[in-house]
Structures are given as C-alpha cells and as structure tokens.
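Take a look at this single chain, the form predicted alone, given in structure tokens.
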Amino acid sequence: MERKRRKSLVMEKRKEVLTSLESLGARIYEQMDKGFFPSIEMPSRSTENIYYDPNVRQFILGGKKVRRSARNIRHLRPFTQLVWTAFFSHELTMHRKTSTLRDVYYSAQAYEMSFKDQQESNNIITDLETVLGLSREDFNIFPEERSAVFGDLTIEYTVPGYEGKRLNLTSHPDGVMIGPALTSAEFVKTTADKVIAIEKGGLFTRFIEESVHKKFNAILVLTAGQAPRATRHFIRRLNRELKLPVYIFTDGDPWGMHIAMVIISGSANAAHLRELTTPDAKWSGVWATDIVNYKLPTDPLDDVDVKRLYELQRDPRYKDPLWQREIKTFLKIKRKAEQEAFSRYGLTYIVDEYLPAKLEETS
C-alpha cells in the first residue's frame, strides 16, 4: 500500500511540474498575443526578504516581489535565459530524462542560448525554482553525485528501464551513490531504526568496515561535506516515511556545525523551497565540549573560523542552549578537531566508545 502511494505521489509530482511549466509558457504567450511585452514576477531572494520562521524551523521568503520584463533592456537577457531554462526543464520532465547543472550550462549552447559562466546558469535555474515554487530536482536537474548511503534498506527503482528492480543498500562495500534514481526510488523494507549522517568519507568507510550498520541498526549516509540538496531530501524521506531518527556527525568546527544545521533547518539560499529539512535531526558531535572531554588533538581556530562562530551565535537557527553552549566553548578554547582525531585512541575507539555514548546522549 505504501509503495502504491509513493508511486502515485511521484506521478502526481511529475504532472504538477509539467502543468506549472506549461502554465508559465501560456502566460508569456498570452501577454505577447495581446501585444504586451512579456514579464515574469517572482519572490525576491534578496537578504532583506529572507526570514527565519520558527514554526517551520527554516528560512522562508517574505512578501517582496521582483519583476522581469522584456521591455527593460537590462532584463532581456535573464528573461530569455529563464524562458529557455523552463523549456529545457519541460523537455527533461516530459521525456523522464535527467541532467546535471553542468549539462544545462553546456546544453544551452546547442540552442544558441549563452551563459557567461556556470554560476549564471545556476542562478537562472534558482530563479525558475522561485517562479514555480518547485525544486530543480523536481524537474530532473541534479548536481554531480558525491554522497552515498549504506545499510539494510531495500529500495525499488521507478526510473525508466529499471522500474520494479530492487536493490539492498548493503550490496556495495563502498556504499551506493545518492543520485536521481535512488532519490526517486520507493522504500520497500528496512530493519534499521536510525540514520547516521557522516560528513567525511574516511569515517563513512570506517563505519562500514566496523559494521556500524549492524551494531547500531543504522542506515549510514555520507554527506561528503555540505550535503547536496538531493541528499538532504533523501535524509528527510528516511525520517518522514520510515520514522527513523537522524543523528549527524561532523568535524568539530563552525563549518561542521553549519553542515549539521543545513540538514536540520535548511539554508538561506534554499529559503524558497520546502521538503529539504529534517527539523528533528540531532547534531551529535564532534562538539567543542567533546574536544575538551576526550582531550582530542586539535588545530587552532583561525580568524575566519572565529568570525564564522560569531555569525552563528547571532543566527536564529542556533538559539537553542546546546548550540550556544558549543559556540561559546569553541570561542573559549579557540581550538578545532576533525572526526579522525579519535584515532589517537585506536582505530576502533570512535565506534566502540564515542559513538554509543553520543547516540545515548542525544537520543
């Protein structure tokens, strides 16, 4: 029943994407048919229009709007780029094809649509997301794959050519890449009762070698630094659909804190989107207090680290006592540590001692 429901949701989302793109095209055509310069209105993504909403526990966009019009010569280039990107997205969705952000940039050249660089192309794709209220993943545009997952979860593919095929995510010793086929797959069954998200590839491999998925009944997710949006959506699905609590392990520094917080509460850059956050996920370390309590090898915080900590201290997402305590401790000790620092006590210490203690402390 759950798989049928999931398949129905996938089909409904595809229909929604196609309808939204076609409606955008129809509005532009109608304006031109009536003799008007076509224009597109969208929510402003300026910093003054981004707010933290404690009810949904993420950044959202305010009510300010911006308008792009073909009447304005300065708007003509981004307006045309946006219309082409909508057309290309419709082609992808209609034919159930996928593309990477890089592919979109190069594909534009085949249509004599130029972008000065990759960043300009990425920004236009984000504009289209804002106009439609949908994510780029919804219209099959993904970043390069770099995250991975390992654990006792059987999935069933829904992508063309693989519909109905099943795979258990313990099938490859390096983990399974989290790409378009996996993020859209149905969850069939699992024995896991938690998700452990890990920042670093080395620790992810160590956890697989030490059978953490069995010892702790967990699905392991490698974020590979800041988790890509598809990975954040995948983690959210594991939490929402399978009711699995999520624990996040990062380096002990302000950047590791931010990696965890983006999984929990999202980012300002994605304030126009939902379905990417896991608000009840727990940052389980490496904490600044862990550096002190476990006497870990450290490096000094540099000026950029300290500046970042003061920024986090003012960020409304970090107002809870635990986050504030750890920020203050970092500023007090002025040191940072990597996840691998636990190896000073032996290769398996992090699995045998640290991990069970932190899971118990943050459960």
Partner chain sequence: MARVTFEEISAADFFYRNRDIAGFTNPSRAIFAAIRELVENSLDAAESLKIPPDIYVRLSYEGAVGTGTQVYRLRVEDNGIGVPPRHIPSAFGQILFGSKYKLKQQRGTFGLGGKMAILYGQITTHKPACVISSTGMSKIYKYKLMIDIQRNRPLILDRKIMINKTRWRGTIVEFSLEGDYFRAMPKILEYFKQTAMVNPYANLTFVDPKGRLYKFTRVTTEMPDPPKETLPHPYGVDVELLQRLINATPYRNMLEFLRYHFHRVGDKTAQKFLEFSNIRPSKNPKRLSHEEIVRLMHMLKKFKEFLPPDASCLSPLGENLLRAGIVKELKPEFVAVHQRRPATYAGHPFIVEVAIAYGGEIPKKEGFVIYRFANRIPLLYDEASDVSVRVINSMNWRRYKVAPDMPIAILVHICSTKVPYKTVGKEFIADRPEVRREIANGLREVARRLRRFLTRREHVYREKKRLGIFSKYLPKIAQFSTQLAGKEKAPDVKKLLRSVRRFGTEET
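Because the structure is predicted, anything quoted here is derived from the model rather than measured. Positions refer to the first chain, counted from 1.
The same protein also exists as the form predicted in complex with the partner chain; that form is not shown, yet it is the one meant from here on.
With the partner chain omitted here, the record of contacts in the predicted complex names 34 to 42 of 315 to 323, 34 to 42, 300 to 308, 57 to 65, defined by a heavy atom within 4.5 Å. This chain appears without its partner; in the predicted complex, the one residue of Val292, Leu242, Met113, Leu101 with a heavy atom within 4.5 Å of the partner chain is Met113. Taking Trp283, Phe150, Phe142, Phe79 one by one, only a single residue has any non-hydrogen atom within 4.5 Å of the partner chain in the predicted complex, and it is Phe79.
Taking non-hydrogen atoms only, Ala341 never approaches the partner chain to within 4.5 angstroms in the predicted complex. Proximity of Glu16 to the partner chain in the predicted complex: non-hydrogen atoms within 4.5 Å are absent; the residue sits far from the partner.
Using a 4.5 Å cutoff between non-hydrogen atoms, Leu21 counts as a contact of the partner chain in the predicted complex. None of the heavy atoms of Lys214 is located within 4.5 Å of the partner chain in the predicted complex. Residues Leu76, Arg77, Phe79, Thr80, Val83, Trp84, Ala86, Phe87, His90 are the ones in 74 to 98 with at least one heavy atom within 4.5 Å of the partner chain in the predicted complex, listed in sequence order.
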